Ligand SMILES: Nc1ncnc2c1ncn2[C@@H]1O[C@H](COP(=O)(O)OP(=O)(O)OP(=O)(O)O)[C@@H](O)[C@H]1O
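For reference, the chain that follows is the form predicted alone, supplied as structure tokens.
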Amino acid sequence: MYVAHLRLRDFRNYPRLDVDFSPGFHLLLGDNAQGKTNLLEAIYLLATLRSFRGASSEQLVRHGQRWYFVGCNLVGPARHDIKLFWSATQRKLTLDGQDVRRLADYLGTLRAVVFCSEDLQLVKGPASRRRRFMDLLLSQTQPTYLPTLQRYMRAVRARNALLKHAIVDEAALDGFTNEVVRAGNEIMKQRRNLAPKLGEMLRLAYRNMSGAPEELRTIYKPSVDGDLAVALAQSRQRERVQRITLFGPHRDDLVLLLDDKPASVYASEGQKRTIALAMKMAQTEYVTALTGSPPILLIDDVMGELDNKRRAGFLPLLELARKSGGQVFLTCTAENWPHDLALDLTRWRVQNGRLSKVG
């Protein structure tokens, strides 16, 4: 899978961009604030419909403009034309000329994994970061997961709205509770199936990168140990006081343990960085194993922060992408580490929202 052509209009600092890309490795060189990360963000946006930097749609519009457009020609098992337009009054996503009505029909068309400084929040941040990590991975690989998750979140929001009323409609609350239980049980089932497979890949990725004797383990920790329906029934009075749904997959976590201690507390900054990179490596391996081809890799100026040992542990992932004809985009301010890769790179100079091939 690779992006053969990328089109940007008034996206971030790009007034207009039309560029062709081949499979393989693309090195984006340039000073800070020139648009390197913005280009990766555009590709990731087409893959997931969200910014990996947490930016709102309004923030993606070029300064002084009112809308943005991002589109690409994607080559994989099939060829696709993807177009995404956003303005304050209109939002439109099309796939091969047809409007996308359901996100579940779209997600997984373009698969991408990003490596960036924000990945540290997977280790240091709240449980919501790790839930989102699981949800994205399952949404891109399991067709039924996203519709189930959407049903669940709608039921939770409706249930929370009822709990905020001074007088609660018991019949309506029971109805939404039943939907929370049905969808919630299916979500927890799929997360439980994912956790051990992903955990083993993560453990090996961390070991290969760190070269250290410590052991990394992951534990899927649902918010309820037993039956979800029973937990919600028993917490009904507390929920009325706190006016919120207290149990369910929206409060689950993927616990990271380094030598059986919480990594968020006991791991050093270097260990946390390695764990975050290992999580993305495991994500890539999991998607590749299920789909037969690696996702597009977007590596945003993080490899220069690694020492030689950890960098060497990262190289097999890039070698896998090379052998399978995949596509990798790497950004850096100076060409200091790609020589270690011993790979053919297409070099691009990024300057003030413009892209030009080097050499």
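Values in this document were obtained by computation on a predicted structure and should not be read as measured data. Counting begins at 1, following the sequence as shown.
Below: the form predicted together with the named molecule, not depicted.
In the predicted complex, segment of 290-298, 311-319, 55-63, 42-50 with a heavy atom within 4.5 Å of the named molecule: So the stretch in question is 55-63.
Distance check, Arg12 to the named molecule in the predicted complex, heavy atom within 4.5 Å: Taking the distances in the predicted complex, the answer for Arg12 is yes, it comes within 4.5 Å of the named molecule.
is_contact(Thr333, the named molecule) in the predicted complex, heavy atom dist at most 4.5 Å: It does: once the named molecule is placed as it appears in the predicted complex, Thr333 has a heavy atom within 4.5 Å of it.
Proximity of Gln327 to the named molecule in the predicted complex, heavy atoms at 4.5 Å: Result no; Gln327 lies far from the named molecule in the predicted complex.
The named molecule in the predicted complex - contacting residues of 28-63, heavy atom within 4.5 Å: Asp31, Asn32, Ala33, Gln34, Gly35, Lys36, Thr37, Asn38, Arg53, Gln59, Leu60, Val61, Arg62, His63, in sequence order.
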